[in-house]
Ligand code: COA
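What follows is a single chain, given as structure tokens, in the form predicted on its own.
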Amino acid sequence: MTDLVTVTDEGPVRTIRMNRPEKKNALTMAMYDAMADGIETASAANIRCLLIGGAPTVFCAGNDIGDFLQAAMGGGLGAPILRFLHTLARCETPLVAAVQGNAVGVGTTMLMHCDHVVASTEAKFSTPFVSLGLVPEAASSLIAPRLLGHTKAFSLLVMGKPLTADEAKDAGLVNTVAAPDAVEAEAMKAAQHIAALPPQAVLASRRLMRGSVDEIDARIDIEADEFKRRLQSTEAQAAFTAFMTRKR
């Protein structure tokens, strides 16, 4: 497991932390695999709640551009990304997120699989897929309209308009907004509360509320196929060329 993702257990709560602050927690393929490992092994460790966290100043800047472009040249999202997304969709352990700073791309869409999200007053949420000539992922094209409503989901996913923490709370993406230095404690408090509930009742209730996991799983694959097609488009190629030129 890469040290760019740390996994620590505190009683029945497991914290999976993205630990690459110098790169704004941009996710590499190894980090996706490590996060999937942390989720997949939770039930065997008698974990009753998972907490996903980042750094004090940033939650996740999305994909590492180098790893992502390498996967794109292979013609798709990359197996570790798809593994992580399917693992999120299939996860039966409740998920809490502690969001500080920016949550970009998958940093935002992964939150749609969480049951309780605590965000810093300084957090911002954005999904710049379409501006790069691409499409949303992580089944967000299915979940976001249900969670936020069509118009707010369109504004976020297609128009690329970011949400502040308060706007995300009003939209239904975030449960609690807290001061930056209180986010971790609030998230752990929520995770411990969930972990203390009767676990089988939580499991049954969560299954009922989430509906068909097969539908979510299938949407991840449909999005991935469209993503692959979009990567080969002139729109995406022009957007990435412009992005890389700007980075230089």
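Note that residue numbering follows the sequence shown and begins at 1. In this text, all values refer to a predicted model and were calculated from it rather than measured experimentally. Superpose the two forms; the largest set of C-alphas matching within 1.5 Å is the rigid core.
Keep in mind that the form predicted in complex with the named molecule is missing from the display, and what follows is about it.
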Wondering, does residue 125 line up within 4.5 Å of the named molecule in the predicted complex on heavy atoms?
no
With the cut-off set at 4.5 Å between non-hydrogen atoms, does residue 94 touch the named molecule in the predicted complex?
no
I'd like to know if residue 80 sits close to the named molecule in the predicted complex, meaning any non-hydrogen atom pair within 4.5 angstroms.
no
Is residue 142 close to the named molecule in the predicted complex, meaning a heavy atom pair under 4.5 Å apart or at it?
no
Go through 23-31, 192-200, 179-187, 37-45 and give me the stretch that gets within 4.5 Å of the named molecule in the predicted complex, heavy atoms only.
23-31
Can you confirm whether 65, 102 and 105, the three residues that make up this candidate site, all sit within 4.5 Å of the named molecule in the predicted complex, judged by heavy atoms?
yes
Within 4.5 Å of the named molecule in the predicted complex, counting any non-hydrogen atom, which residues from 193-207 show up?
none
Quick check on residue 8: with the core superposed, does its CA move 2 angstroms or more between this form and the one not shown?
no
Rigid core aligned, does the Cα position of residue 240 differ by 2 Å or more between this form and the one not shown?
yes
